[in-house]
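Taking the form predicted alone, here's one chain by itself in structure tokens.
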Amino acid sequence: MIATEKDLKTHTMMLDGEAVSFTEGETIYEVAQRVKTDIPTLCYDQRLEAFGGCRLCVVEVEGQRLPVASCTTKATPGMVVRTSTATLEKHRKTLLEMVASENREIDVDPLRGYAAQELATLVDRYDARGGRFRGKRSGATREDDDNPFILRDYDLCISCYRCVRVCAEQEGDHAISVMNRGFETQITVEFEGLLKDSACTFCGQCVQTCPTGALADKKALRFAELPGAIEKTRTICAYCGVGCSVDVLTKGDTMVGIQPAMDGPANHGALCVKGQFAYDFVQHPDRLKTPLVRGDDGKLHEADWDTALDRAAEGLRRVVDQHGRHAVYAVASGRAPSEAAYAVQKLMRAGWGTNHIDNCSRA
């Protein structure tokens, strides 16, 4: 039997001096997020099982000797929680200084991935760029991995394990794993090999959850030096019938990348390799930019849109007149936006009175 919202018991706790309600099973962090109380974290992804590894989200609970990780601690009735005290803020700044001390750089290009700015944002928030813990670095970047999609820049890795967990829990691939312990900890794939020789499907989820850009979008980074601000446009991936929500990244008139929509109702931040990386056709140099119409000589010649559309309409009308409305059909392209797919089916159903329409993306 599935519990409904009415079945869940509601309780009350104190959060930073305010009484807030919660339902059984919620963690302190989830309660805080719901009431817009900001608690910093680097290892948390709402799609994943809470891990409690970064320790930035620790809070003080009355009656507890030591702070507890808010992302893994369940809220209990009457609990009194403080999320931001002088002691906690000092603890968080020290942790961030230690994390930042190992990284080659903190400020990375936002084209690396959806969450790539998280570490830099927190370091600036806590003024943790002092470098007092600077020393030996543990990361080992895989420059030899020549796959065309994912950059494995482990000099920026902080061992939050979000990539490992999203690969296992969301994608079910278990392609990414952890080897060694302590300072020698490394993110790797089986037998320390290359991604293309692993179980990786190049869905890009590891890239989009990485909070430092250690795993980065190689294709998007091709446009790192292109001037202009990055703009995001929400649309729907048309490669298949799932209807994943995506944000198209552009600089001016140039498409520079794609990121999954974390709030997409169909995908919740997930994409397949096509939805994530297969967009080069949009501005490929061989892509037709002008309609072609076959002339009396049997060859294709450039024409304007009015001429091309008139020729197409004439041909369709001739077929319908001779053989009936069911003699025409349309196949929409999976590389066209969903708006174009809608227009094609509308043309066939409302314009020609036939349901003979298919799409190469329906499988």
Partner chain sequence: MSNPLADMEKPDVIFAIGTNMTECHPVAATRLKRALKRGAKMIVADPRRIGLADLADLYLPIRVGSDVALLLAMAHVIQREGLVDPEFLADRTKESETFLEHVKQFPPEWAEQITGVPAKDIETAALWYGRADKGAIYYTLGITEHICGVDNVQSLGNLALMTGHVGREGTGINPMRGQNNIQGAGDSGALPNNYAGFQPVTDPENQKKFERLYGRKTDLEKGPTKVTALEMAGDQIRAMIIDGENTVVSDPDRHHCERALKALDHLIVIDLFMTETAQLADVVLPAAAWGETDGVQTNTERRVQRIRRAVDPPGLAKPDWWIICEIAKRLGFQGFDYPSAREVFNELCSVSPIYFGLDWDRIDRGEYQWPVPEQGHPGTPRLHEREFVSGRGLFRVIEYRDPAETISDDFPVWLTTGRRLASYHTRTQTGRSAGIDYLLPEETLEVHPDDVAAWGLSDGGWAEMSSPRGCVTIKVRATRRSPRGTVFASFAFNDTPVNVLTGGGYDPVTHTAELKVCPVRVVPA
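Positions refer to the first chain, counted from 1. Computed from a prediction, not measured in an experiment: that's the story for all the values here. Think of the rigid core as the biggest set of C-alphas that the two forms share within 1.5 Å after superposition.
What follows is about the form predicted together with the partner chain, which we do not show.
Q: Look up in the predicted complex whether residue 123 has a non-hydrogen atom within 4.5 angstroms of the partner chain, and give yes or no.
A: Residue 123: no, not in contact with the partner chain in the predicted complex.
Q: Answer with yes or no whether residue 35 is in contact with the partner chain in the predicted complex, where contact means some heavy atom within 4.5 Å.
A: Although the partner chain is absent here, residue 35 would stay clear of it in the predicted complex, with no heavy atoms inside 4.5 Å.
Q. Wondering, does residue 15 line up within 4.5 Å of the partner chain in the predicted complex on heavy atoms?
A. So residue 15 does not count as contacting the partner chain.
Q.
Taking the partner chain as it sits in the predicted complex, is residue 328 in contact with it (heavy atom to heavy atom, 4.5 Å or less)?
A. Flag for residue 328 set to yes.
Q | Candidate from 99, 160, 270, 215 lying within 4.5 Å of the partner chain in the predicted complex - any heavy atom | A | None of the others qualify; the residue that does is 270.
Q. Quick one: of 224, 230, 242, 80, which gets a non-hydrogen atom within 4.5 angstroms of the partner chain in the predicted complex?
A. That would be 242.
Q. Among 238, 316 and 347, does every residue place a heavy atom within 4.5 Å of the partner chain in the predicted complex?
A. Yes, the whole trio is in contact, each within 4.5 Å by some heavy atom.
Q. Can you pick the stretch from 279-287, 109-117, 68-76, 206-214 whose heavy atoms fall within 4.5 Å of the partner chain in the predicted complex?
A. That would be 279-287.
Q. Of 336-353, which residues get within 4.5 Å of the partner chain in the predicted complex if you count heavy atoms?
A. In sequence order, 336, 337, 338, 339, 340, 341, 342, 343, 344, 345, 346, 347, 349, 350, 351, 352, 353 come within 4.5 Å of the partner.
Q) Does residue 354 count as moved between this form and the one not shown, where moved means a C-alpha shift of 2 angstroms or more after fitting the rigid core? A) It does, since the residue 354 C-alpha is displaced 2 Å or more between this form and the one not shown after the core fit.
(Q) Does residue 316 shift between this form and the one not shown by 2 angstroms or more at the C-alpha, the core having been superposed? (A) After core superposition, the C-alpha of residue 316 moves 2 Å or more between this form and the one not shown.
Q) Is residue 21 one of the residues whose Cα moves 2 Å or more between this form and the one not shown, with the core superposed? A) Shift at residue 21: below 2 Å after core fit.
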